[in-house]
Ligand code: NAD
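Before any questions on how it binds or moves, here is one chain, the form predicted on its own, in structure tokens.
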Amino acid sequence: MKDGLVVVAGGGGFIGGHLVADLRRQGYTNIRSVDIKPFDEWYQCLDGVENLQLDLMDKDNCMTACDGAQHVYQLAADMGGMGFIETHKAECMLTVLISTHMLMAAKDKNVDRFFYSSSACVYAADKQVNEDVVALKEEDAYPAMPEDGYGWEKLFTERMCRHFREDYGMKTRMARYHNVYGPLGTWEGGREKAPAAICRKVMEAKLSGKHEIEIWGDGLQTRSFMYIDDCLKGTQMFLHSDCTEALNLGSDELVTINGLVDIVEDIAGIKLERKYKLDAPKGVNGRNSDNDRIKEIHGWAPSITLRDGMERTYAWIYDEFVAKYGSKYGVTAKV
């Protein structure tokens, strides 16, 4: 089945680029990667792949993207870290045009299987008010009270996937991603997520000699973070499975933001004075993934430890940081 056309919508993004690379490593010979960004802004633009620059908010472009496809991974979205999604709610919700038109195109083009990347932001806010959070089960998405903007778009599209399956017989599959991180991602500019942002802040503090770090919120908020390799395995497992419900896809290793800073400081070999920006966007107070269902259905769950994943992520961001800013700090090689 590796010669059937696989389409990755959002293939120029962080997760999409890694997915395209992984499919190619596995021997898939017919991959189409689609993204709105110019090719020189793609996180990974790979040879041997049909790379298309298309705005998937337009239905005709979605028809082009899905033409001849056997499988579609719908990852395309306008999103970023908490600093972005809390201040760009309308832009995040407009992603519904992409998902709607991709579903319509996949139906019209008789796509065999359609994967949708949802988010832990669909979960009800009243389940996430305490740092000492109870891990979120799939049923906790209802009664609905998701993250404003981004979360509503994700939950709405989950319902569309369900009804396209019920009404049209489409094989739609869904995963609720919990904070995916790793190399080859955004690490500056406003859309980066907490793991990358903290890596950048720690290395900047170390190289500058100004040994302090700004942390958004009080640092007590809790999260789980999933390394990209686990995300790729789970995503493809979900697409090929018979499970029709939206399942958590995330690590259940809970950590405070202060604890995440501890890990990065240890990797960098430095201790920093912490300055807390209490008026900055920080999201919910606590969020973790309950992995009972994924273990029950698939006999597997994300397992790469946060320490291992952060070491790999820090090393990559360090090289990028030094390549861009090293001359400012008199650094030209790894330390």
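Sequential numbering from 1, following the sequence displayed. Note that the coordinates shown come from a computational prediction; the quantities given were computed from them, not determined experimentally.
Unshown form predicted together with nicotinamide-adenine-dinucleotide (NAD); subsequent notes refer to it.
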Next item on the list: Would you kindly say which of 257, 160, 145, 79 lies with a heavy atom within 4.5 Å of nicotinamide-adenine-dinucleotide (NAD) in the predicted bound form?
Entry: 79
Notebook entry, point to check: Between the options 172, 117, 251, 221, which residue brings a heavy atom to within 4.5 Å of nicotinamide-adenine-dinucleotide (NAD) in the predicted bound form?
Noted result: 117
Note to self: Within 4.5 angstroms, counting heavy atoms, which one of the listed stretches 299-307, 268-276, 22-30, 49-57 is next to nicotinamide-adenine-dinucleotide (NAD) in the predicted bound form?
What the structure shows: 49-57
Note to self: Please tell me whether any heavy atom belonging to residue 71 falls inside 4.5 Å of a heavy atom of nicotinamide-adenine-dinucleotide (NAD), as the geometry stands in the predicted bound form.
What the structure shows: no
Note to self: Within 4.5 Å, heavy atoms only: does residue 14 come near nicotinamide-adenine-dinucleotide (NAD) in the predicted bound form?
What the structure shows: yes
Item checked: Partner proximity in the predicted bound form: residue 179 to nicotinamide-adenine-dinucleotide (NAD), non-hydrogen atom cutoff 4.5 Å -> yes
Note to self: Is residue 37 part of the interface with nicotinamide-adenine-dinucleotide (NAD) in the predicted bound form - any heavy atom within 4.5 Å?
What the structure shows: yes
Item checked: Residues from 83-101 in contact with nicotinamide-adenine-dinucleotide (NAD) (non-hydrogen atom within 4.5 Å) in the predicted bound form -> 98
